[in-house]
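Next up: a single chain in structure tokens, the form predicted alone.
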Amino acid sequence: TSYINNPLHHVRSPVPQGRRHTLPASEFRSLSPEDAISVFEIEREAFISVSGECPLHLDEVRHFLTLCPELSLGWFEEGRLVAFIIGSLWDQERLTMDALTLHKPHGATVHIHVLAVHRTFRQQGKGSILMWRYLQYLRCLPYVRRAVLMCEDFLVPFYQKSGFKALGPAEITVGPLNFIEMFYPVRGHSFMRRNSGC
């Protein structure tokens, strides 16, 4: 039908103006070193306001996004980073101080260093959704057996809702902060492998 000859539509353009070249409304993708500054700005605001400490400094963010970008996941809305996870591989049962800075390429454990959500997008369930997407993604990586993280006591229920189990107090302390170490079994459930959608 012609828009010009239809009196109901003569003022309307068939393609809404300004929408032709927009970025996807919502996109999940691995991060790259070019994302490091956006990542660090969100992380710094999220953690320093709560604990005074950042899990990863800017050079460490760049380090992991260069060595193992495939173990990160960013959530972008209209091209803007709103939440992210950064991980690396680890090769021992429990985390040690070395796990904070090292990537062990032959490890079968993903150490989740940080999950953070931009302040204007908090209290919307985005952290839980992102973690669910990340854990689904890890199931598609054949070398990954489990995921581990450490968090403060008040975050334990959040991670338990995502399926993590507490291992007990972490060996690692950062300044005055103590942590609980938690793990998630990525392999070992046959239904997960069958229905993973990889």
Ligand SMILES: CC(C)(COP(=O)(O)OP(=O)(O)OC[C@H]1O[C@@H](n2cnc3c(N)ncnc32)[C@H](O)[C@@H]1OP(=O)(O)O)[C@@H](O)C(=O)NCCC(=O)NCCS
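Source: prediction; values computed, not measured. Position 1 is the first residue in the sequence shown; the rest follow in order.
Only in words, not in the display: the form predicted in complex with the named molecule, which the text now covers.
### Message
Only one of 167, 155, 67, 58 gets a heavy atom within 4.5 Å of the named molecule in the model of the complex. Which one?
### Response
In short, 155.
### Task
Name the single residue among 95, 117, 73, 89 that comes within 4.5 Å of the named molecule in the model of the complex, judging by heavy atoms.
Contact residue from the list: 117.
### Task
Quick one: find which of 58-66, 135-143, 156-164, 27-35 has residues within 4.5 Å of the named molecule in the model of the complex by heavy atom distance.
Heavy-atom contact with the partner occurs in 156-164.
#### Entry: is_contact(residue 40, the named molecule) in the model of the complex, heavy atom dist at most 4.5 Å
Flag for residue 40 set to no.
### Task
Verify the contact flag for residue 103: yes if a non-hydrogen atom of it lies within 4.5 Å of a non-hydrogen atom of the named molecule in the model of the complex, no if not.
Output for residue 103 is no: heavy atoms all beyond 4.5 Å of the named molecule.
### Message
Although the partner isn't part of this model, could you tell me whether residue 46 comes within 4.5 Å of the named molecule in the model of the complex, counting any heavy atom of the residue?
### Response
Result yes; residue 46 sits at the interface with the named molecule in the model of the complex.
### Query
Is residue 79 close enough to touch the named molecule in the model of the complex, meaning at least one heavy atom pair within 4.5 Å?
Close contact is absent here: in the model of the complex, residue 79 is far from the named molecule, nothing within 4.5 Å, heavy atoms only.
### Stretch 123-149: residues contacting the named molecule in the model of the complex, 4.5 Å heavy atom cut-off
In sequence order, 123, 124, 125, 126, 127, 128 come within 4.5 Å of the partner.
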